[in-house]
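Just one chain follows, in the form predicted on its own, and it is written as structure tokens.
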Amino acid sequence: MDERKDAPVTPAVGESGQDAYIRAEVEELEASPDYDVALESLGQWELAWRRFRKHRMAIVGSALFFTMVLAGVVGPFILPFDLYTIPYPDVIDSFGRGPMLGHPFGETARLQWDVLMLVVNGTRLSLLIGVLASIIATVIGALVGGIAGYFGGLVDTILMRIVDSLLTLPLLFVVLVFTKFLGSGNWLSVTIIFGLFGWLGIARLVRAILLSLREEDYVDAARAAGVGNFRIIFRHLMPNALSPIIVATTLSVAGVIIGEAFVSFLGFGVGPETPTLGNILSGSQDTIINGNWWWAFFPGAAIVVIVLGINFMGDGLRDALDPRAKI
């Protein structure tokens, strides 16, 4: 119970009882907090961060992904052996050695490389290829989709027919052909090839968004003010399409990592002298029949953890960046 409200109101000198009551009510209102004014004003990204934090699987996925990033970045510097040092150069073991003290992931057959050392170095390069290829694909896809969606008409028809034609080609087959033609073994060439052929889905996504956004009133106002077409596309329209682009880019990283692992496993990707998770698996296939399970298990598990983490993050970002979602 509010004691101030129940306390009797004492009129001041020359003040009537009604005036004293009104004065007391005004003082009480001034003393009470204004909850409407005190409400915190949150921006779009602050609201998205609050939604993302409440998405449990997104938090788990972020923890998995950034743990693998940390392992790939820091691991090669803190391990007691490096990539190009063979612990036992005079020993040839065709079966390898399983997990043991000092080598928790075991050793490979023949040259006895440490599997943990291979996995952390392979994780670093696989993540680098995935992120760079996704960025290249996003830039190309946003450019093509933005131009097609804004201008429409003949420009849209030509660009989308090119996209449809390229979508009929199997991506992995095209990557295999181009890596063989350009020369396999270079991780940068593999990255560029995945980036140059991975933009098609993003282009269609951006086009669909801009087809609706170009009819908004602020676009007409920008045209009336004499703003150029490309400035309207990249200054006014693209920021409003940024949320789905971020989600698509995040999910494409996982696709590139799996694709690179597949290509390298077939021997058309990065060369064996530069380990990725894919060519580590490729090197283990001859010894699996001898019971050397650890050589294939740990790099395969690293791929699973990275892809699961990215997919969980993508799901969380999709929900967090949805403006219709509630906190």
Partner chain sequence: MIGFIVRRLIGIIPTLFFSSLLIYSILLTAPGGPEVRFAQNPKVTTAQIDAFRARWGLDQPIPIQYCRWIGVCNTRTGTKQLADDPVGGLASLFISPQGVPNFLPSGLGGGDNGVLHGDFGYSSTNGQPVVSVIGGRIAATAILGGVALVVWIALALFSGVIAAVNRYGKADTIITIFNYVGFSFPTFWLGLMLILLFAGTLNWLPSGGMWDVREVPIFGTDEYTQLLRERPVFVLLDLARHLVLPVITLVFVNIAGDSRFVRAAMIDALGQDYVRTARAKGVAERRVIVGHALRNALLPVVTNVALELPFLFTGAIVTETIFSWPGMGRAYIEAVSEYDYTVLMGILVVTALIVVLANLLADIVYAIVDPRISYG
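Positions refer to the first chain, counted from 1. These figures come from a predicted structure and were not determined experimentally.
Unshown form predicted in complex with the partner chain; subsequent notes refer to it.
The partner chain in the predicted complex is approached by residue 265, whose closest heavy atom lies within 4.5 angstroms of it. Although the partner is absent here, residue 281 sits close enough that one of its heavy atoms falls within 4.5 Å of the partner chain in the predicted complex. Though the partner is left out of this view, residue 212 does not reach within 4.5 Å of the partner chain in the predicted complex, counting heavy atoms only. With a 4.5 Å cutoff on heavy atoms, residue 166 counts as touching the partner chain in the predicted complex. Proximity of 135, 139 and 147 to the partner chain in the predicted complex is absent: no residue of the three has a non-hydrogen atom within 4.5 angstroms.
With the partner left out here, the partner chain still marks one of 139 to 147, 67 to 75, 117 to 125, 156 to 164 in the predicted complex; by a 4.5 Å heavy atom cut-off that stretch is 156 to 164. With the partner omitted here, the residue from 131, 205, 192, 172 that has a non-hydrogen atom within 4.5 angstroms of the partner chain in the predicted complex is 172.
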